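Coming up is one lone chain in structure tokens, specifically the form predicted on its own.
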């Protein structure tokens, strides 16, 4: 893959994870080649990379679309996360020193403060970050890469409508996991990781649709501007004027 294709793949990934390109949105090669001022071959390479990460689907004779995960997809993603984190748990129980356990406990405390203050948005972010910190402490780069790819796919799930999570229970799971591993109770820790992820996946509501309010041009414009694109390849809206760069609300729940 060329460096240009990789850069475009990175921008598309950011736009999907930021929920500007929503599930089901068409990623047309011709339109994207005009937006980025590159050949369709370069765009095709970028789309293949995004599809490899599970964030897009390429359909024969139809083109590429932002992935629209099903409940089965969600279950499989979290099953894979469970297996990765269970493997990490087995490593950390024997290898992690006092500083590592302290870092995990500090992270849990930050999440506890967010829950206590009613800041569920921050608690949600910190809850997800706990798992990233947990895997990072294994110092296993392959496991980290696998975990990061799966986490990107869970972010796409969050572009759909989600039910309210029980933040207190999820937080208690994190604290309990640390306690179990420090005491050498690996089997109980592994069972907890499995139950924890099953609780999370039950929070997703997968039977509603989301609809984009932004065209691909509008959705991608902020990333082009931030990347320092030259004026002639900055995106334009349908009237020929430069598109807005502000944040847009772009997801509706079908009721």
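Here, rigid core means the biggest group of C-alpha atoms that superpose within 1.5 Å across both forms. All of these numbers come straight from a predicted model, not from anything done at the bench. Residue numbers count along the first chain shown, from 1.
Below, we turn to the form predicted together with a further copy of the same chain, even though it does not appear here.
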Residue 45: touches a further copy of the same chain in the predicted bound form, heavy atom cutoff 4.5 angstroms: yes
Going by a heavy atom distance of 4.5 Å, is residue 198 a contact of a further copy of the same chain in the predicted bound form? yes
Given that the partner is absent here, does residue 155 sit within 4.5 Å of a further copy of the same chain in the predicted bound form, heavy atoms only? no
State yes or no: in the predicted bound form, is some non-hydrogen atom of residue 113 no more than 4.5 angstroms from a non-hydrogen atom of a further copy of the same chain? no
Out of 109, 76, 182, 103, which one falls within 4.5 Å of a further copy of the same chain in the predicted bound form, going by heavy atoms? 76
For the three residues 19, 69 and 136, which mark the spot I'm curious about, does each lie within 4.5 Å of a further copy of the same chain in the predicted bound form through at least one heavy atom? no
Which residues from 136 to 152 come close to a further copy of the same chain in the predicted bound form, meaning a heavy atom within 4.5 Å? 139, 140, 141, 142, 143, 146, 150
Align on the rigid core first; then say whether the Cα of residue 187 has moved by at least 2 Å between the shown form and the other one. yes
